[in-house]
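Just the one chain here, laid out as structure tokens, in the form predicted alone.
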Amino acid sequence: MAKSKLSARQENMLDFITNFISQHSYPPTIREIGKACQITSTSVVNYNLNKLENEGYINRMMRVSRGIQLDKNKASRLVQIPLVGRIFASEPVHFPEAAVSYAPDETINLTQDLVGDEKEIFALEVRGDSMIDAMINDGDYVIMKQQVQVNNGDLAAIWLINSEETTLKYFYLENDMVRLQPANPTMDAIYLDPSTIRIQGKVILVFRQISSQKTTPIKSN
């Protein structure tokens, strides 16, 4: 069943349950789900869990505090995305480590419904507020597809070779110059020679953290 049948609230709950089980090896309680998804009524949580069960995403053992199980077929389609570091959505920040490949510190688990069959994807934590008008805030996560070329208007992770700085900006190639465009009216565009930058990847999805254990998708390109 397509995940598009679910409401935004049900998608949030399913993502939280999936990540919670991955991290703790046991399912969350109704109250933990409600707290993470900002639902104060346990009856509302229960209603939406029933919807998830009816759609075949979970199985429930009633009268059991942690009686939620992911459907095995759905769980088999989870994608583990390495969270490999930070990207600065601000003025470029000196960050030499960004020039090299990271060893994954941890992973973000998403369903294949969200990332499709994309290969060579990784996650970065966003620092800074230069992309706030693109609904990307400090502390959000961007899911990146590793690639060395992007099209005009793509949101990309850019490595500034000479200054060893990294930044998250919209990419434009104009008159033999690259324009790195923020999405914040208080910040100016950055113009650079194409030979001085390296594209590290394109943003395909943005996630927002709404609790210490929960992320939720807010944007897809």
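The first residue of the sequence shown is number 1, and the count goes up from there. A quick note: this is a predicted structure, and the numbers were derived from the prediction, not measured.
Here the subject shifts to the form predicted together with a further copy of the same chain, a form of this protein not shown in this document.
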query	finding
Distance check, residue 24 to a further copy of the same chain in the model of the complex, heavy atom within 4.5 Å	yes
4.5 angstroms heavy atom contact with a further copy of the same chain in the model of the complex for residue 64	yes
is_contact(residue 46, a further copy of the same chain) in the model of the complex, heavy atom dist at most 4.5 Å	no
Proximity of residue 68 to a further copy of the same chain in the model of the complex, heavy atoms at 4.5 Å	yes
Answer range among 50-58, 164-172, 37-45, 24-32 for contact with a further copy of the same chain, defined in the model of the complex as heavy atoms within 4.5 Å	24-32
